[in-house]
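The chain below stands alone and is given in structure tokens; this is the form predicted alone.
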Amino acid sequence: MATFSAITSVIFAPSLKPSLSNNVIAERTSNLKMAIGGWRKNRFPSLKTNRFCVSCSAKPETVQKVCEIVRRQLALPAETELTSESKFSALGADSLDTVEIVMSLEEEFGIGVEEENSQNITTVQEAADLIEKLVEKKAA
């Protein structure tokens, strides 16, 4: 009895639009399955990730100021590495600490953070991005 396997391959035409071809090959010993994806004309390729992250990239001085406030609020030693990607929970902050950090940020930057926005802040970068957005909104 023969085993069938499907091989899918992509052949790129000059217009960058792939043409898919499915070939069924009769073999007795192999079960090879392969799929290769590529570019389509006028479309961006599909990128699969476990987590999709968009960053507004706040000014470096805003990120630095947020780092200083977080370090002070959590009483972190100077040797503790603190970057824009640092998560408050990884630094030992609980929900009350996060509220205190947000209150300090509001006081320092002269802004008001709504409760729904403050619940979404989990990293230094997220806090800095929100601050930039609120400061710009306040200035307008």
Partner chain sequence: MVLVLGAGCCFVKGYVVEHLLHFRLLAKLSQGRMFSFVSKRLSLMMMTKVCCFQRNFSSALPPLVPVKLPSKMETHFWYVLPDEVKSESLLSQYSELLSPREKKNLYHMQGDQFKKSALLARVLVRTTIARYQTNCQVNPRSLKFKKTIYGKPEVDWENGDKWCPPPLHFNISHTSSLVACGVTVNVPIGIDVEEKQRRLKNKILAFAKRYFSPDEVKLLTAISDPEIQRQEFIKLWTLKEAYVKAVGRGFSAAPFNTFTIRARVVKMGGFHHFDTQHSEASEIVVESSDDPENLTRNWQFALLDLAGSHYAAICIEKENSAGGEAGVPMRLTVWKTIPFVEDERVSGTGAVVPISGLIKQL
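Keep in mind the model is a prediction, meaning the values are calculated, not measured. Positions refer to the first chain, counted from 1.
Beyond the structure shown, there is the form predicted together with its partner chain, which is absent from this document and is the topic of what follows.
> With the partner left out of view, is residue 85 within 4.5 angstroms of its partner chain in the predicted complex by any non-hydrogen atom?
Judged by the heavy-atom cut-off of 4.5 Å, residue 85 is well away from its partner chain in the predicted complex.
> Residue 57 near its partner chain in the predicted complex, any heavy atom under 4.5 Å?
Judged by the heavy-atom cut-off of 4.5 Å, residue 57 is well away from its partner chain in the predicted complex.
> Although the partner isn't part of this model, could you tell me whether residue 61 comes within 4.5 Å of its partner chain in the predicted complex, counting any heavy atom of the residue?
Contact with its partner chain, no.
> Given that its partner chain is not shown alongside this chain, does residue 102 nevertheless sit within 4.5 Å of it in the predicted complex, heavy atom to heavy atom?
Result yes; residue 102 sits at the interface with its partner chain in the predicted complex.
> If you apply a 4.5 angstroms heavy atom cut-off, which residues in 67-99 are near its partner chain in the predicted complex?
In sequence order, 72, 73, 80, 81, 89, 90, 91, 92, 94, 95, 96, 97, 99 come within 4.5 Å of the partner.
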